[in-house]
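Next up: a single chain in C-alpha cells, the form predicted alone.
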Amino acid sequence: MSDGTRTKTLPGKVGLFFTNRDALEPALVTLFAAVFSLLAGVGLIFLVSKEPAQSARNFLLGPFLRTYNIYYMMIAMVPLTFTGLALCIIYQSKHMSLIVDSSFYIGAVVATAAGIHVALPAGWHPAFAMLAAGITGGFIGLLPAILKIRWRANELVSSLMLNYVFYFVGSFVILYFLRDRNQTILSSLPFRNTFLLPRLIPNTQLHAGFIVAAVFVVLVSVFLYRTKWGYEIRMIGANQKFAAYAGLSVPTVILYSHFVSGFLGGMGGAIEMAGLYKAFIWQMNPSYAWDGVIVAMLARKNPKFVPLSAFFLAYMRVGADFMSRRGDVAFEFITLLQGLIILILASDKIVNYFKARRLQRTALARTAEARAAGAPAGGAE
C-alpha cells in the first residue's frame, strides 16, 4: 500500500495528524485552554467557597450526576451550535462581525410573529418560521459587510452598535404589536400549538432543534469544505489580494458569507423560540453571539468541531449552575473562565513560540548536517 493510499484511511489520517505539528500545535493550545480553564475554576472555588471540595465536585461532575442535567446540556448546545457555526463562517473570511447577535434576536422576534399570526400544519409551521427568521437574519448580517465595502467601516464596531439598535427594534415590535396585554410581565401572545417543536424525550425539554442543529453542522461543513462558495470564503480569508488577483469578486464573497452567517443566527433564534418557549418572554438580549465566539474559537473555525466546543461550554455552564444552586459560589464565576479561554485562544504568541522553536531546531540541524558533509551551510536544502 502506497503512502498516499495509507493516509486516506482513518488510522492513516489519525497518524498524520499526530505527526503534523502545524495541525497538532493549535489543537494542543485549544486543549490547554480548556483544561486550564477547568483547573482555574477549581482553584477559584477553593479560594472563595466554605465547602470547596463539595463545590468542586458539583462543578466538575454535576452535569453527569442527574439525567436532567445531561438533557440540560444538550438543550444548551443548540443555540451555541448555531451561533458557533455562524461565526465559523465569519472567521473563515477573516472578519470580526458580531451582528449574529442581532440576527439571533430578531430571528426570535420574526418567529414569534409567525408562531402567533400564521396558521400552518404542525411541522410546516416551525419550518416556515425558521426560514423567515433565517432570511431576515441573513439580511441583517449583510449590514456590517455593506458598511465595510462601501465606507470601509470597521465591521466589529458597526456590528456592536447595530446590536443595540436591533435589540430595541425587536423590543418595540414585541411591546406594541405582539404583547399579551393580559400578562403582568412583558410577554407576547401565546404561540399556536402547531408552532412548537416536538419533544425528543417525553417529560423533558429536549426538542427536535437538537437534531436540526446536528444536520446543520454537516451542511455547513460541506458548504465550507466541499463547495465552490466555501472555497471562495476560505480563499479571501487566507489572502484577499491573491483572491482578487485570481479573479474572485471579493465584495460578493464577503456579502454572501455574511448573509449565510446571519441566516444561521436567525434560524437559531427561531429554533430557540419554537423549542423552549410558549411565548416570547425575553426581558433582555440573551447575547448568544459572545458564546458563539468562544465556540468558534475552541473549534478553530472548523464547523466539524463545533459540537465538541458547544458541548464543553454547555458542560461548564451546567456545572456552574448546579454548583451555584447547591453551594456558595455564584454562577457568574463562569464568565471569568470564559474570559480565560478567550485570552488563551486569542493569543497567537503561544503557537508562534512553539513554531519558532521548531524552526530554530530544524535550521540548526540542517546547518550541522551541512558542516558534517563539508558543504556550505547556506547550500543545504
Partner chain sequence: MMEFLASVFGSSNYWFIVVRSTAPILLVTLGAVITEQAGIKNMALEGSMLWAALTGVLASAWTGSPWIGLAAGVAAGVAIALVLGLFALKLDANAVLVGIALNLLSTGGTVFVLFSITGDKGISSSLPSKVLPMVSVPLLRDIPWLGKVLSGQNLIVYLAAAAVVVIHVILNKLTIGRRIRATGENVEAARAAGIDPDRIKFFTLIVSGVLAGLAGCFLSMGYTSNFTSGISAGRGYVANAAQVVAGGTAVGSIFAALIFGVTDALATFLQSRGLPPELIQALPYAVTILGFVVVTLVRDRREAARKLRLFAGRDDR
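Since we're looking at a predicted model, the values are computed, not measured. Numbering follows the first chain given and starts at 1. Under this definition, the rigid core comprises the largest set of C-alpha atoms superposing within 1.5 Å between the forms.
Keep in mind that the form predicted in complex with its partner chain is not shown, yet the notes after this line are about it.
J.: Give a yes or no on whether every one of 51, 311 and 322 sits within 4.5 angstroms of its partner chain in the predicted bound form by heavy atom.
T.: No.
J.: Ok, 91, 71, 277, 139: which has a heavy atom sitting within 4.5 Å of its partner chain in the predicted bound form?
T.: Selected residue: 91.
J.: Exactly one of 240, 204, 171, 302 has a non-hydrogen atom within 4.5 Å of its partner chain in the predicted bound form; which residue is it?
T.: Among 240, 204, 171, 302, a heavy atom within 4.5 Å of its partner chain in the predicted bound form occurs only for 171.
J.: Indicate whether its partner chain has at least one heavy atom within 4.5 Å of a heavy atom of residue 158 in the predicted bound form.
T.: Yes, residue 158 lies within 4.5 Å of its partner chain in the predicted bound form.
J.: According to a 4.5 angstroms non-hydrogen atom cut-off, is residue 67 in contact with its partner chain in the predicted bound form?
T.: Outside the cut-off, so no.
J.: Is residue 297 a contact residue for its partner chain in the predicted bound form, using a 4.5 Å heavy atom cut-off?
T.: Taking the distances in the predicted bound form, the answer for residue 297 is yes, it comes within 4.5 Å of its partner chain.
J.: With a cut-off of 4.5 Å between heavy atoms, is residue 183 one of the residues that contacts its partner chain in the predicted bound form?
T.: Contact check for residue 183: no, nothing within 4.5 Å of its partner chain in the predicted bound form.
J.: Quick one: which of 125-133, 303-311, 148-156, 206-214 gets within 4.5 Å of its partner chain in the predicted bound form, going by heavy atoms?
T.: After filtering at 4.5 Å, what remains is 148-156.
J.: Enumerate the residues of 318-338 that have a non-hydrogen atom within 4.5 Å of its partner chain in the predicted bound form, in sequence order, or give none.
T.: Heavy-atom contacts to its partner chain in the predicted bound form: 328, 329, 330, 331, 332, 333, 335, 336, 338.
J.: Residue 65: with the rigid core matched between this form and the one not shown, does its Cα shift 2 Å or more?
T.: The answer is no; the displacement is under 2 Å.
J.: Classify residue 48 as shifted (yes) or not shifted (no) between this form and the one not shown, where shifted means its C-alpha moves by 2 Å or more with the rigid core superposed.
T.: Yes.
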